[in-house]
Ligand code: AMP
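Take a look at this single chain in structure tokens; it is the form predicted on its own.
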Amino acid sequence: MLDFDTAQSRLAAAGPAPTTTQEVPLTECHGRILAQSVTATLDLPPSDNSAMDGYAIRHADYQAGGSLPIQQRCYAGDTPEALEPGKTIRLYTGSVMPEGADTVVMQENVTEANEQITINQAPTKGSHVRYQGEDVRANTEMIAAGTKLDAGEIALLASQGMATVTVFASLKIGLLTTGDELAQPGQPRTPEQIYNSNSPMLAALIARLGAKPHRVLHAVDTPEAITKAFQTLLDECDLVLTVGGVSVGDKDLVKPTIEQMGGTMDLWRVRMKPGRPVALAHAQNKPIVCLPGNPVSAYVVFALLVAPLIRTMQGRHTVLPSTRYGRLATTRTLGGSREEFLRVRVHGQSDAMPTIEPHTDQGSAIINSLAWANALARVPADSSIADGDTITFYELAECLA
């Protein structure tokens, strides 16, 4: 069996980086991968402006108990006059700072009467002023190529007046489940069947990564049905994921079908728990990843091994999740002959080391642990880990982003 780190590295490099790009409207780019780095063309903010509703003054004009006549009332979007000495201009949040003014006094600290103001609290010079370029400077890189665009990046692009952005073409992923024992949700189920939870689960995980679950198929356990499904998916998709049928049983037909179609197997089985029966193959110059049929195993393998491959094929600049550290809270000693990935909840991620709470049942059939967990904790093979020990973990929010 291949060790986990080697398997993760090999899978992350198993697919090609994208070359096709598209120009898409800003309103449609959420979750897409930026194909070209974006450089700011203007300062943000483009000019000094008021951060508060208040009054612009020259700080040198302030005198305790003195008054300043109001020269102008200037709303956001208006052009202010140059501030005359010994006067003030009424401003509102976002108003351009008048020439000559260097301070904004917030309205709560002012008494206004007869078109004059009295300042009730000594202002600090430069207070409540947003300075030109303090957020973004023109001619500096704002967003690097390979970034997955979220609301924050979209706000930055819009702030530069951009209506479109260049992104990589969406990665099309084909998904194949196999097994006579599976009934589709919404359809009748015989007593010996279970519902197919893998298809909707993995389709959701694919979409969460910003890829496209282009075709989702199910094949019964015959070579003909599996071959036909493979041909469809390989013709239409950039990457194919299979679930189930990859072990060594009489009806585990995925691996031999790939080989009969001229595909090559690049790795077979990983020293991890859950998720040992994992295979990487290539056919028609496209990668195929064969996941175990158990939903918990499929979820863990997808998060740790498949997601890095997807990010590579999307053109991301970062493909592997960060390793973090926490203190284990458990009533039993952990460790075995395989690398184990526990479904856990991580608590208290502040300055102190977070606490890692394992789900009470780590069985590979316990689907409710997937909805409960927010991280996967890593227990090294051939180790003995007990309550209070420091272990590494991966945040699922990062693994699946």
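Keep in mind it's a predicted model, so treat the numbers as computed, not measured. Residue positions are given as counts along the sequence shown, with the first one as 1.
We do not show the form predicted in complex with this ligand, though everything after this point is about it.
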>> Within 4.5 Å, heavy atoms only: does D252 come near this ligand in the predicted complex?
In response: yes
> Taking the shortest heavy atom distance, is G326 within 4.5 Å of this ligand in the predicted complex?
Replying inline: no
>> Can you tell me if S197 lies within 4.5 angstroms of this ligand in the predicted complex, counting non-hydrogen atoms only?
In response: yes
>> Under a 4.5 Å heavy atom criterion, is E181 part of the interface with this ligand in the predicted complex?
In response: yes
> Exactly one stretch in 286 to 294, 256 to 264, 165 to 173, 130 to 138 has heavy atoms within 4.5 Å of this ligand in the predicted complex; which is it?
Replying inline: 286 to 294
> Which one, P213, G210, G245, P321, lies within 4.5 Å of this ligand in the predicted complex by heavy atoms?
Replying inline: G245
> Quick one: of T147, T177, Q314, Q71, which gets a non-hydrogen atom within 4.5 angstroms of this ligand in the predicted complex?
Replying inline: T177
